[in-house]
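Form predicted alone, single chain, as structure tokens, below.
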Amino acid sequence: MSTETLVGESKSAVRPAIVNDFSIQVATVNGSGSQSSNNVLMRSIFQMGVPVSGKNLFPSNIQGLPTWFTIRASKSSYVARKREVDLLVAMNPQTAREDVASLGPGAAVVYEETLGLEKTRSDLVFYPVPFSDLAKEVIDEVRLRKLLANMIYVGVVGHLLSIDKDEIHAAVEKQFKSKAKAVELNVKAVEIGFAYAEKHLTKSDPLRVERMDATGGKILIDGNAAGALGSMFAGVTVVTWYPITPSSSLVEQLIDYLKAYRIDEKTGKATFAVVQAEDELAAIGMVLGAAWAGARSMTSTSGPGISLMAEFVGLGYYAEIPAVIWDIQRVGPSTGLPTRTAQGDVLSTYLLSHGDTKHILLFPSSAEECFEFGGTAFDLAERFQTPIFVMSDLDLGMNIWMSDPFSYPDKPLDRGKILDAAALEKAKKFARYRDIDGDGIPYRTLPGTRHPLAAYFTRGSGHTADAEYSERPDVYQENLDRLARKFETARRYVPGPVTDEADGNEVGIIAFGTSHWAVLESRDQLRAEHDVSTSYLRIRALPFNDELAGFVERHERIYVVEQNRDAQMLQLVRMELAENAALVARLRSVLHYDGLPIDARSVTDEILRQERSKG
């Protein structure tokens, strides 16, 4: 917090200035066209060099219900959701009073003046604005006035926060690109908002934006777009899907990228295939068929789709067919809350399908890792000839994240153990499910390989190492043991955890995915506010490797932070350490499962509560 004192004309407005460290919440009606305005406001702050993040909390219907967009500006580069709202833009009459009631003392409110919100509380800073009347100055067409009223609040907030008007204009031009008329109208709306605020509003809150140099070279992108790019760079050629929130935008953006960069220049024909299936079960079936034929194929879905895919995923596991499945997790069970975020599919996906199955799971925490794991997933799928799940979530997939530009992949694709005709000729024999190397991974051939030894039966039923049907008990058990051995091998290949430790720390924290960002900030809060230093292990994949047990052993108390009710990752950690009761006894749980992205203050409060009660 700056030591500078801000003095408004109001005698009660003597408060320390808060510079580049606050959250804005815009409350509107879904379908009212506010998304463009929110993007412009966020990008304007970003262009002033201030780190930002944006989270859209929207209803699952198309139009009419409340929606909230939160912009966080953080000079410390914190990007998790901030629990407290510092500036509310109340544009939804249905929720305005409830939104105001939820604010902490001292927060600021920009609102349509006819709502009379200034009468509801005396401990807030109110900025009434006649948005409806101002919109009439922008355009006569009634339909467009509602849209442009949203851009007027960008101008009002821009003036109140001292955002450079030129940066807002640049953000408007970027938002509407070549649509000159749209740029003209929206810039006019911004100007009207700016002018009104300058003439009629007295600055009485402490919030302000000042230029920094913390966003140079960085980009703003959502995780689904990053995952789509990573998949394209990894050489995906077959994509099958069934639309479901919040995963649809991954495939939609991938289609755009493929059309832009994967059309054969000589023939003008696509070098890829995208199929919208009749349901998720059909989608995963086509993925397995394409992968069996040698294509890099994938699908993207969410929890309900994962449930439908269970039987085919079991086939992929037992018949040993590569596949990449993105799970953009949302709140369940059943339809749940389709537009809210969670990490609730971890346990069920790890063991998806009947019988003894275990799957490799990847947990990206950032847009960069969505891009990276887009490629890693295909390499692992072909190396281990099994379905691979990329466990993103709605917060990462659909919200806007600041990121460094992605690194161009510099490693060749890993196609795994594939025998071509020359290799078959040299080997003189081929048994599809035989473990030659002791790592549990058999060799495979691809359809079309011109060699007498290449053909084999792909079986989801009991089979021998030679792919012959068998119900012999010893053969079945031997096959399951080999699959377990293959899973053990995967521990050495999956992305390892990222750790941050210091000697003497008694408290360790384990997290994964988007919980990472709240944990980073929480660790700073624990250290700065309560003198509690912590170590940290961020899980990036399952199965675990040896670092997990070592990390737990070096700390007295371990808090596993996750966004689900049943402590799903904690249960997997307990399973992993089950043979060492002393280590299991060190494990504790911090849970968040209200559907909103996890915030640092909630993590800090819960860890402190448990630390104080440890007795």
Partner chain sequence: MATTVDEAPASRKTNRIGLTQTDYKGKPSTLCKGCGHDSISSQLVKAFFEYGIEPHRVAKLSGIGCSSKTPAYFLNRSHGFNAVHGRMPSIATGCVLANRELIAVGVSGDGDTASIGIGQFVHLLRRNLPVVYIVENNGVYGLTKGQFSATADLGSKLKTGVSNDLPAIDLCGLAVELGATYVARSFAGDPKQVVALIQGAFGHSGTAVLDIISPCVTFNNHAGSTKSYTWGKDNEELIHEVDFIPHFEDIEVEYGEGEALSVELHDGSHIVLKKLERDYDPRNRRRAMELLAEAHEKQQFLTGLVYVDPKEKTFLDLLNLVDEPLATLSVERVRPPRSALEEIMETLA
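Keep in mind the model is a prediction, meaning the values are calculated, not measured. Numbering follows the first chain given and starts at 1.
The protein also exists as the form predicted together with its partner chain; that form is not presented, and the subsequent description refers to it.
- Of the stretches 336-344, 521-529, 390-398, 264-272, only 264-272 has residues with a heavy atom within 4.5 Å of its partner chain in the model of the complex.
- In the model of the complex, none of the heavy atoms of R434 sits within 4.5 Å of a heavy atom of its partner chain.
- When contacts are judged by a 4.5 Å heavy atom cut-off, R450 counts as touching its partner chain in the model of the complex.
- Although the partner is absent here, G285 lies within 4.5 Å of its partner chain in the model of the complex, judged by heavy atoms.
- Interface residue remark: R211 is not counted as part of the site for its partner chain in the model of the complex, having no heavy atom within 4.5 Å.
- E311 is the sole member of E191, E311, E173, E478 with a non-hydrogen atom within 4.5 Å of its partner chain in the model of the complex.
- This chain is drawn without its partner chain; in the model of the complex, the residue among T458, S77, T464, S307 with a heavy atom within 4.5 Å of it is T458.
- If you check its partner chain in the model of the complex, you find a heavy atom from every one of A293, D410 and T445 within 4.5 Å.
- Along 33-60, these residues reach a heavy atom to within 4.5 Å of its partner chain in the model of the complex: R43, F46.
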